[in-house]
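One chain comes next, on its own, written as structure tokens: the form predicted alone.
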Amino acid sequence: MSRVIGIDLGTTNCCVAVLDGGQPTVIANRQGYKTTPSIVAIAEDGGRMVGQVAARQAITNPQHTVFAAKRLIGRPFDSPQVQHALTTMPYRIVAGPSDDVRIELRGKAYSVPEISAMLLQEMRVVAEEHLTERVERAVVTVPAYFNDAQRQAVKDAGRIAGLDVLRILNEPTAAALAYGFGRGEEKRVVVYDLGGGTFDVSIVHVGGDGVFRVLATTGDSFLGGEDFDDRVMAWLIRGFEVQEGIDLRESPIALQRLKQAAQKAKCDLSQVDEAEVQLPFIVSTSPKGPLHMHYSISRGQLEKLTEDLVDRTLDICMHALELARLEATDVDEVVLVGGMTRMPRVQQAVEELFGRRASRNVHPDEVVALGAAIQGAALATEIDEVALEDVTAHSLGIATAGDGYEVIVPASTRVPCRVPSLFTTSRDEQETLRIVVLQGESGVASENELLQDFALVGLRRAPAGDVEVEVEFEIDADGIFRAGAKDLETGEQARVQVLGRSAFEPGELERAAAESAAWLEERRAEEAHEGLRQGLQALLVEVERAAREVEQWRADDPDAVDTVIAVRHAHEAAGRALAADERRALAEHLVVLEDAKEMLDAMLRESTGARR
């Protein structure tokens, strides 16, 4: 069986880890970085770029470069979050066939799971290069507050990427796993996870026996570093508009430059008290000529601009304590996760709330991937000292008459779980019973999120109220909803017909997976070819050096001279093949030169022995 990797599919960065020698280890990408920007771009020739290479060209290709796609995944197009993104993102967001979100790049509309699959596939390649073997299984993390649709969309992304996603794991739970793994300590831990696009807080009981029990989890799936960046961007845009009378939001290139500058200034202010924003030629042509931006922003200004965002996270922390029926003083440790927790004001606010210094024992950008790798190893039975008990972040229920909402599975219920509920027919001869399943906390049905709309069909024809159907609601270990039903009188299974539509049209998911697999095979072939080229280049140098040494030490040996002559002919032929990039011939030349080097090395060893 292939190794199981852990992937943190982050809003800003992705990270991949694996259990190595009994310890979780983050895998660096080819550029040597342990995290990879969650950025995807399509070039003019249709080529795909992911990670650092996509980030480097973002300013010159803003309309075809996607960042923060995780904030859109699994959301309907008409949701407030997507409508907000329409006003802030330089790339084009359009409605899909099922009111899902599509992103237009070079004339093609990509679903958000397809974009996410490109990131997952990049992490897969990073792992395969490190492990020197194919990887087909993974644990992928998501925000604890992701709903069913968002979790299913991540599952779809994994399928498109060709990965068997063994588990969808909540990010703060993963962080707790990494924090407590192998410690043998019993603690009640708060994981405060403020990342690039989402916020979660989980309270976890870490047992000395390796049992990790989530007591409560809650959050906001549209609150994170992107919002902090937006506040700085808005401040810069307003200042420039007042000063120059020009709205920079009308220029995608200007927006992309502002985005990067705002993010850099925000990060700098975690280390210094004042940061400079200098963007020359932010407007290349205007009645006044080229215009430049030069502003200073202080740490105090940033804190004032984002004060309400920090306060929102504290309110959510208080709600988590209520769910767990704990006081702040009952917590033994506070663990900070996510890049935004580097902000001094965030650290200060959290420490004031819980009355203790936050733990510095985990890396905020890597800890989630490490926890995913631990869970992956546990699922693959590589380790057996880890047991995880998680909870659902949302209540699950059904719509009732008059826009009512009846909770079936309350928030913080242990998962996986199965909860039966009884339904009866309300009309004579009724053969179909429609059930609308919602997820959320409001007592008003329309204020919650539609989870699934299904019908029980083929019921017994009987007077009203005579047919009783037990519907079993199930939330699996991934936090994904399923339903089953049976007629209580006959014991027969009632057929569940899902009325809600998938985000994908028939066959679309399979086509995306096939395209993704073809791209991966092409990339593997290209990388294998490049590895062959580099190996041959290095071997050419080594053979030339060995030939010179043989000529020097065995000049009076006719056999050695003949061997060197033959080797040089092979060397020249290999050099020509390399220059012409003759793909089929490179492997043959590599074998010939490896044999030649082995002969030359043997001659040199004989010469060394004779000299001694």
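Note that the structure is a prediction, hence the values are computed from the model and not measured. Position 1 is the first residue in the sequence shown; the rest follow in order.
The same protein also has a form predicted together with a small molecule, omitted here; what follows describes it.
request  = Quick one: find which of 511-519, 224-232, 451-459, 474-482 has residues within 4.5 Å of the small molecule in the model of the complex by heavy atom distance.
outcome  = Answer to the contact question: 224-232.
query = Given that the small molecule is left out here, which of Gly196, Gly180, Gly397, Pro90 has a heavy atom within 4.5 Å of it in the model of the complex?
reply = Of Gly196, Gly180, Gly397, Pro90, the residue with a heavy atom within 4.5 Å of the small molecule in the model of the complex is Gly196.
key: Partner-contacting position among Val391, Val190, Val101, Met340 - heavy atom within 4.5 Å of the small molecule in the model of the complex   = Comparing distances to the small molecule in the model of the complex, the residue within 4.5 Å is Met340.
message = Quick check on Ser79: any heavy atom within 4.5 Å of the small molecule in the model of the complex?
response = Close contact is absent here: in the model of the complex, Ser79 is far from the small molecule, nothing within 4.5 Å, heavy atoms only.
query = Might Val125 be said to contact the small molecule in the model of the complex, defining contact as any heavy atom within 4.5 Å?
reply = Val125 lies outside the contact set for the small molecule.
ask   = Looking at the partner-bound form in the model of the complex, is Ser270 within 4.5 Å of the small molecule by any heavy atom?
value = Contact with the small molecule, yes.
message = Contact with the small molecule in the model of the complex for Arg167, defined as at least one heavy atom pair within 4.5 Å: yes or no?
response = Although the small molecule is absent here, Arg167 would stay clear of it in the model of the complex, with no heavy atoms inside 4.5 Å.
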